[in-house]
Structures are given as C-alpha cells and as structure tokens.
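Have a look below at one chain only, the form predicted alone, in structure tokens format.
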C-alpha cells in the first residue's frame, strides 16, 4: 500500500513510516527488497515474514498481549498498516530508569512472554528493542516477523535464552536485576508450567558454551 508519511525507523529488515489516516496516526511497516538475494528468494522471505507478523500480532492480541492492532496487509508490496504506539523501546530508556521502575517493566515483559508461551506461541526476537514503553509506563511488544506457532519446549527455551543474551549484551551493567525480574514475571504468570522451559533455557545455555 502506498501511503505518504515520515520515516521513524529504518532497519535492516523493514522501514517504519508514521502516516495519518481518518484523523488518526498509524504505522506502515514495509519490508524492502535486498538486492544481494536471488529475487525469488527475496520475495518469498518478505512475503512469509509479512504474513507471519500479521498473524503473530493478531494471535498475540487474542491471548491478551498488548500489541498494535493490524488494520490492513498488502502482500504485493510486503506492508502492514497497524496502530501507532507513541512509545520508546526499553533498550533506549533502561539506563535512565530507577531500579524499581526498570524491574517492574521487566516483570511485565516476563508476563507478556509467558502469555505468548501459554498460547503455544514464541516471539522469536524478544529483545528490549521490541518492548515499547509509553509515557504512562504501559508496555507493548512489537515485531512479530520471526514469531512461530505450535511452539515446543525447546522453542520456548530459545525465546528465554534470547532474552538472557540480549540483556547480557545490551544491558550488561543492569542484567541481573532485569533478568531476575523478567523470570519472576514469567514464573508468576505460568506457575509450574514455567519449570521445563527454564530448565531448557539453562540447557541451551550450556550447549552454547561447548560449540
């Protein structure tokens, strides 16, 4: 879909544009082509990730997870029109927050991931770059292009491992507080269902040390 607006983010995978329609603000997420890929492969990847993200956002919302609502999808130009969330990625603001506030946000992060896992879904890229924080400290999770359904314990363990690794690399000086509160939220949401996933997360970590 062709809509004019201001680019608010340009990444390796997508271009995020803020657009105005019907006296409201929306986000148009478009996946541009990669000239170094074979055209057929490029097209297939863009289409599958666009479709996967649309489905992931809708399923996540049905599970009670705060995500932008999808209003339209166009697989001809690999774009999704969704709600604009006036927030900032946790990655950008974490260092400016007090430990209690930061811990509370991470606790909510853990509960969000747990709700996805309970619904048989993994996010695929659960980093603090994909957790938006609004001015009233509400948390929203975005970027479902790598999400998957029918998740196994292994897939859920990988999701948690990715969180741990992201905290180590992006928030190394705050990682203990952030990880402990994230895991606390995860366990509080899932109860005993969390145990095999946490065990698998640790096992994945150990496997990585010997490869």
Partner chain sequence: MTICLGLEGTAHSFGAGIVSSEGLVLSNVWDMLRPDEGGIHPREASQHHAYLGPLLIRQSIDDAGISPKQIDIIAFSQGPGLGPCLRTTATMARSLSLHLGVPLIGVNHCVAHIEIGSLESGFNDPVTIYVSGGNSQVIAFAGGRYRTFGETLDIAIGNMLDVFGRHVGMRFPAGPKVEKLAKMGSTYHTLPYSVKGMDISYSGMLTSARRLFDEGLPLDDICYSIQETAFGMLAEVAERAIAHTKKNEVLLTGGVARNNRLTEILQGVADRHGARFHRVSPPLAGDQGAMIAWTGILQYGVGDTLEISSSGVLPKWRTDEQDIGWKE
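This one's a predicted model, so the numbers in the text were calculated from it and none came from an experiment. Residue numbers count along the first chain shown, from 1.
What follows is about the form predicted in complex with the partner chain, which we do not show.
With the partner chain left out of view, the stretch that reaches within 4.5 Å of it through heavy atoms in the model of the complex is, among 53 to 61, 66 to 74, 159 to 167, 181 to 189, 159 to 167. Just one of 153, 149, 41, 47 comes within 4.5 Å of the partner chain in the model of the complex, counting any heavy atom, and that one is 41.
The closest non-hydrogen atom of residue 103 lies beyond 4.5 Å of the partner chain in the model of the complex. Put simply, residue 11 is close to the partner chain in the model of the complex: some heavy atom of it is within 4.5 Å. Taking non-hydrogen atoms only, residue 207 approaches the partner chain to within 4.5 angstroms in the model of the complex. For residue 89, no non-hydrogen atom is located within 4.5 Å of the partner chain in the model of the complex, even though that partner is not displayed. Contacts of stretch 98 to 129 with the partner chain in the model of the complex, defined by any heavy atom lying within 4.5 Å, are made by 124, 125, 129, listed in sequence order.
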